[in-house]
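Quick setup: one chain, the form predicted on its own, written in structure tokens, and binding and motion questions come after.
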Amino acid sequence: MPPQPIIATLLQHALTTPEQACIIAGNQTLTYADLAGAVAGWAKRLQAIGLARGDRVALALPNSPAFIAAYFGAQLTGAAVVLVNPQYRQTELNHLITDAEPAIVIATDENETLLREVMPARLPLLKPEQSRFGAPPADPAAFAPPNPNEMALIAYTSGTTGRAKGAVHTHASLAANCDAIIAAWRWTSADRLLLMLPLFHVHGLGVGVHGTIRSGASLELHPRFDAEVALQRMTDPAITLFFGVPTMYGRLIEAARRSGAPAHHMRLFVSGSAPLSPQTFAEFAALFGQPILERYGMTETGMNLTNPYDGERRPGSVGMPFPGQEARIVDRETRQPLPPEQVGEIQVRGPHLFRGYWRNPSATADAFTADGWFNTGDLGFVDRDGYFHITGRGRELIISGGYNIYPREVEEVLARHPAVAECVVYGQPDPDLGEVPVAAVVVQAGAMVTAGELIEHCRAYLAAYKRPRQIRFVADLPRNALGKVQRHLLVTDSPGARDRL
């Protein structure tokens, strides 16, 4: 029997522990009863303008209680939420809106203008009202929770074609992954998460928010990461959990060296979305008195592998499968399982896997084996103790500061400039962000253009983290006999693979 939806758990908490703190934002403490009433209020607003079961709601809000209330409010109506990065620009928004075909867009004044440029005129745009949760409260009892097997979330992730694909999760897949995380990390109602990750990303939402609600715990929500603020908040005895990406941990180390490591009350620090270097692992443990727990996840799967809560957290490893899940290493050609210490492709299987790519049956078929294993596209091996290690990424995705950048999307924007004849974008190692995007550009004969002009051109179309940090002008691009660009000749440590969380 599939697990009940997370929204159903939220409504239960509102009945059984209504005064339990749920979200702390600024100087406000919001209870489970507060959140449930606001969720019902959003559901009432959405239904009033025509949202129906099975529709999609594009959610383009910053980190705020309104984001969380609108997210669950849409699900309470039986709709699915499409996550939208508020930093997205015209190219990204156009593809997402065209592909997902949402019935309603929820946004703020700050991103309304850009959205209006790509939205069909008939598409309603709803804004949060001037209240704590963006909607007046309503009675949650007026709504029945969705079925576990209904579509709950579409999270867009880059694939092998270079176009972002929507990974479709059901309520059951999200809940199954959440239950596995709670069991593995001993999450209880006594915990409080210091949440500085973006909610439009499945790391912040699918782990941070879902885990909090499912366990009946609380979270302290911040609009963005700030190392100095994080260090100060870690001294609060109520704060017990912190989740971040490697770049955040590097900046926490720098801040702690400047001002001294805090006498924190944290029981767990978790890292993901990009590889954590053994150096950062060791430096953080020395300063903060405990090792980071590194795990491995993806947009399509949620969390797959984790270092143990009890026992050795091995640097350079992403640990073992979560409870109720499986992982293995297979030969990339034969697809047969490999013995320990041999590098191959990582495959995962379990109830946490997404249902498929939105309106893309061919990509879905390519992603799964006949017996239900998902091909991650990441390369690695399992050691003789059962710990998995990621050795490289099998495709071209760039991961910068925990954000995923697909080169083709940036290349298409650069190619619009009249001075660009050809270009290729690749990841260059960066000590702070892990990787940064760099573009090699062949200029049209007789044309004149500067690197600054090309980066400024990208500014109008792409989020800041996707813009090339460097433009390299080259006479031609290295190609193989088939005419394909050989990216590995442009950078020693070539990027690749599917989205990591």
Ligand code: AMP
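Note that this is a predicted model, so its numbers are computed, not measured. Don't overthink the numbering: it's just position in the shown sequence, from 1.
One more form of this protein should be noted, the form predicted together with adenosine monophosphate, which is absent from this view; the next part is about it.
- The candidate site formed by Q4, Y32 and P145 is entirely out of contact with adenosine monophosphate in the predicted bound form, as no residue has a non-hydrogen atom within 4.5 angstroms of it.
- Put simply, N177 is far from adenosine monophosphate in the predicted bound form: not one heavy atom of it is within 4.5 Å.
- Adenosine monophosphate is not shown here, and in the predicted bound form it never comes within 4.5 Å of any heavy atom of G250.
- For the chain shown alone, W187 is not a contact residue for adenosine monophosphate in the predicted bound form, no non-hydrogen atom being within 4.5 angstroms.
- When adenosine monophosphate is considered in the predicted bound form, I213 lies well away from it, no heavy atom lying within 4.5 Å.
- Residue in contact with adenosine monophosphate in the predicted bound form (any heavy atom within 4.5 Å), chosen from A79, L397, L414, L353: L397.
- Proximity to adenosine monophosphate in the predicted bound form, defined as a heavy atom within 4.5 Å, holds among F72, Y406, F388, F284 only for Y406.
- Figure note: of the listed segments 165-173, 116-124, 323-331, 270-278, the one touching adenosine monophosphate in the predicted bound form, with heavy atoms no more than 4.5 Å away, is 270-278.
- Residues of 269-306 placing a heavy atom within 4.5 Å of adenosine monophosphate in the predicted bound form, in sequence order: G272, S273, A274, P275, E294, R295, Y296, G297, M298, T299.
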